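Form predicted on its own, single chain, as structure tokens, below.
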């Protein structure tokens, strides 16, 4: 039986008096890709922010067997819960290599050999970052910036990598490349929680998925099953069910 690395039960998130997410429950299995899809403003990014500790919430949050409510953002990072936000938040005036090295800062007391091995693993996954390693992050293309953001997160050795809209603003060819790499992370044992408006791309690589509408989870199940659901096709996948 697959264990749940992350579990949310009846999680509610508010901005002041406004309820952005209402009693959401979801599970992220270890070593799998779980996706949250839904329209703009549904509460998808808000959910990731609460899991990472950037927003307060009520309900039950457990990660790797531990309650999260009293853990700081730093505690969660140390536990292997790593968040790549939509804005990517790179250090644009620093080189690609320096941005990646910052990702391994919490391992600075380890031998340089292990950290070098981590860096080589990122370069193997993203050959373009090796080519650009001396280049300033601010001069990279949108796709390269997304690769760098994911690469820096991998330097933190995540157990769970949370990605917020990784396809945002990218050309279809680059989106395909990014999603292929996300699939490779699963093969390496990294669990992924993927928030994505490109529902079709998300469901193609996810194992399970949740549909969030107006702060409420309205549907969930195996990604393959949801991808063939007529209502979901009509609403999110851009293909009328009668045309299938």
Partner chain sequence: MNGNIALLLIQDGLTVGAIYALLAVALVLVFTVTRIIFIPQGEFVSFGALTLAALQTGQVPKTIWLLIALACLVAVRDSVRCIRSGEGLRAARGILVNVVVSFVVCGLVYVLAPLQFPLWADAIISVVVVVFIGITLYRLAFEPLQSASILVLLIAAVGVHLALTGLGLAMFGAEGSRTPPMFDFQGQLGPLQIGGQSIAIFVSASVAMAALSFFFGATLGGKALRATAANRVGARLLGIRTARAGTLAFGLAAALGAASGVLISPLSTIYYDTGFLIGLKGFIAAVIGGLVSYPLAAVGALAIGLLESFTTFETSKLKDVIVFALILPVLLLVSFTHRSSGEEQNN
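Everything numeric here is computed off the predicted structure, so don't read it as measured data. Positions refer to the first chain, counted from 1.
Just so you know, the form predicted in complex with its partner chain exists too; it's not on screen, but the next bit is about it.
Using a 4.5 angstroms heavy atom cutoff to its partner chain in the model of the complex, all of 75, 108 and 152 count as contacting.
Between its partner chain and the residues 137, 122, 156, 160, the one pair within 4.5 Å by heavy atoms in the model of the complex involves 156. Although the partner is absent here, residue 132 sits far enough away that none of its heavy atoms falls within 4.5 Å of its partner chain in the model of the complex. When contacts are judged by a 4.5 Å heavy atom cut-off, residue 85 counts as touching its partner chain in the model of the complex. Contact annotation: residue 104 falls within 4.5 Å of its partner chain in the model of the complex, judged by heavy atom distances. The closest non-hydrogen atom of residue 170 lies beyond 4.5 Å of its partner chain in the model of the complex.
Across the options 124-132, 170-178, 88-96, 138-146, residues that bring heavy atoms within 4.5 Å of its partner chain in the model of the complex belong to 88-96. No residues of 162-199 lie near its partner chain in the model of the complex, the criterion being any heavy atom within 4.5 Å.
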